[in-house]
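In structure tokens, the next block holds one chain alone, the form predicted alone.
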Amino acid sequence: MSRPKVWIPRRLSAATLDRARASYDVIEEPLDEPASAARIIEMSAQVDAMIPCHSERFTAEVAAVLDSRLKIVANHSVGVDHCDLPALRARGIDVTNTPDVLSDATAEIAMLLMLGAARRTVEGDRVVRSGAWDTWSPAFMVGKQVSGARLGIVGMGRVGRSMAEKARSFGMEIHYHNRAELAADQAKGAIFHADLDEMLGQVDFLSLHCPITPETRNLMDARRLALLPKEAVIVNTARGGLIDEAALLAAIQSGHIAAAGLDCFAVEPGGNPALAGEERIMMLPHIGSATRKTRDAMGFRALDNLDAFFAGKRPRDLVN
């Protein structure tokens, strides 16, 4: 019996590729670049399964013309907003993701951005590297202290809870807004706010960990940014579209928001050039899950889903 054929459009970890080749006939792309809609459609006639990343877009238009041979899209990502789930389900194509395994790595980046933005890391790095550090005084490079401050978390899923756990080690008071209040053993003393607007006025730092949906797009617009206390710091390691970037830049330049730490942007790759000149914004190129341990775990989770599917079982992480 022939082995299932799997298309892998992006360069996954070596351990993931070794395991995939051992179980499947794998087609790998020679270039590590986002696959076009045309390429996705073309490959659907040649393979039984795909392991794409967030960079591959499975729109309703793409789903409508995928070949009937394709049976499962096992995403190498937690977010599935690049997939039109109802359209793929209508074509009989299962879709899975890779939850659980990247929570700590992403929360680490959120902590890095929170600390870096609060303590003026971008500016400090420039001053030292440029040779401009030629003085010191008690007023030099004064930033905002994290220890003991109030942290608001929007989206208390796996990553949000990991962020809260790490923030507790800094003695932070945790507040959160979520679709539903957590059980006491998960909240661990964090204060629930059913109303986001009400929470915003009570926190010194805000960290976003919710998915992007029509309801959450531009969640942090000019009105909500104004609800934060003066000199608050905002962090986003979820999806760039959660923040109105023009409104954020204006709030920072006005002095209302002290700083921001961003690992994601409305346009990716590339980011927002308008933000690049503002040293009070610490920016990273969407690397929240970029550790060797997590990349291996994400790849293996995608393969676990494929293994279950081709064994005639329900994949653990089926999302549609």
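A quick note: this is a predicted structure, and the numbers were derived from the prediction, not measured. Numbers follow the displayed sequence, beginning with 1.
Only in words, not in the display: the form predicted in complex with ligand 8YV, which the text now covers.
J.: Looking at heavy atoms inside 4.5 Å, which stretch does ligand 8YV contact in the predicted complex, given the options 284-292, 270-278, 66-74, 36-44?
T.: The contacting stretch is 284-292.
J.: Please pick, from V203, I93, V78, V154, the one residue with any non-hydrogen atom lying within 4.5 angstroms of ligand 8YV in the predicted complex.
T.: The residue from V203, I93, V78, V154 that makes the contact is V78.
J.: Scan L208, L228, L102, A167 and let me know which has any heavy atom within 4.5 Å of ligand 8YV in the predicted complex.
T.: The residue from L208, L228, L102, A167 that makes the contact is L102.
J.: I'd like to know whether M298 contacts ligand 8YV in the predicted complex, with contact meaning heavy atoms within 4.5 angstroms.
T.: Flag for M298 set to yes.
J.: Hey, in the predicted complex, is H54 touching ligand 8YV, heavy atoms inside 4.5 Å?
T.: Looking in the predicted complex, residue contacts with ligand 8YV include H54, since a heavy atom lies within 4.5 Å.
J.: Using a 4.5 Å heavy atom cut-off, state whether H177 contacts ligand 8YV in the predicted complex.
T.: Outside the cut-off, so no.
J.: Should R239 be classed as touching ligand 8YV in the predicted complex when contacts are defined as heavy atoms within 4.5 Å?
T.: Yes - in the predicted complex, heavy atoms of R239 and ligand 8YV come within 4.5 Å of each other.
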